[in-house]
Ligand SMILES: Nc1ncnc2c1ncn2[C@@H]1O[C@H](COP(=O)(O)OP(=O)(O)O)[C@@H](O)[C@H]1O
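Presented as structure tokens, the chain that follows is alone, the form predicted alone.
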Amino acid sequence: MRTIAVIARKGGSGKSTVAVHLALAAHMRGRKVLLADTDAQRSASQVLKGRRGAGPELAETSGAKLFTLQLASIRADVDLMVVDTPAVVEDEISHAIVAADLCLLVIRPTFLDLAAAIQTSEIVRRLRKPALVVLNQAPSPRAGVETPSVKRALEALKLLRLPVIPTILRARISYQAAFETGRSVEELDPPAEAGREAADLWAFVEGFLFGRAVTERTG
């Protein structure tokens, strides 16, 4: 089993959106998935509870209980556990980082998000865990050229030596529209650009965690 900790120290960065989409993407491709919601706001839980039909398993828990949950998940042959963490409770975030095989830092292209990411990256490095950055809620390119805010964010992350996943998630209303019925943007008809972003994000993460990317949708 592999565990992903989805982390953002700045509220509103879209952490739960990323966590739920990763869990749904893995589920749709035939993996047995558990989403562990350790955020007191339970945003990820609310989305999955509104889903009709099959979906990832859900556990509303805390950081201190993640180790026990991992053991139970391994016995249940779970392939992937996605941990949605709270934004500001450092102890809870630390528990998730310790449990993780991969930490995903969700960052918007803003100064405050980047400043918060520095603090998180220091914890991740201290605990010697692999980490990748998901650039989220970014404005779309103009005539094929990234906006200044995205360019500045990418340069800053490069200087901080934080590797960025090539797929950038754009600011699109379809992400929240899909959540109204507990779905991924990949399940919208048509999925359009947001669906391709979510699929590409999962393909990259899956390749990192499992050593290969499975792109065929199986369920």
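Predicted model, so just to flag it, every value in this text is computed and none were measured. Start at 1 and count along the sequence shown; that's the residue number.
Same protein, other form: the form predicted in complex with this ligand, not shown, and the subject of what follows.
Site check T38, K65 and T68: each within 4.5 Å of this ligand in the predicted bound form by heavy atom: Checking in the predicted bound form: none of T38, K65 and T68 is within 4.5 Å of this ligand.
Just one of R29, R172, R42, R183 has a heavy atom within 4.5 angstroms of this ligand in the predicted bound form, so which one? Of the listed residues, the single hit is R172.
Report the residue, out of S94, Q137, S121, T110, that has at least one non-hydrogen atom within 4.5 angstroms of this ligand in the predicted bound form. In short, Q137.
Given a 4.5 Å cut-off on heavy atoms, tell me which of 129-137, 97-105, 145-153, 75-83 is the interface stretch with this ligand in the predicted bound form. Contact criterion met by 129-137 only.
is_contact(G12, this ligand) in the predicted bound form, heavy atom dist at most 4.5 Å: Answer yes; at least one heavy atom of G12 falls within 4.5 Å of this ligand in the predicted bound form.
Taking 4.5 angstroms as the cut-off for heavy atoms, does Q46 touch this ligand in the predicted bound form? Q46: no contact with this ligand in the predicted bound form.
Quick one: does Q176 come within 4.5 Å of this ligand in the predicted bound form, counting heavy atoms only? Because a heavy atom of Q176 falls inside 4.5 Å of this ligand in the predicted bound form, the answer is yes.
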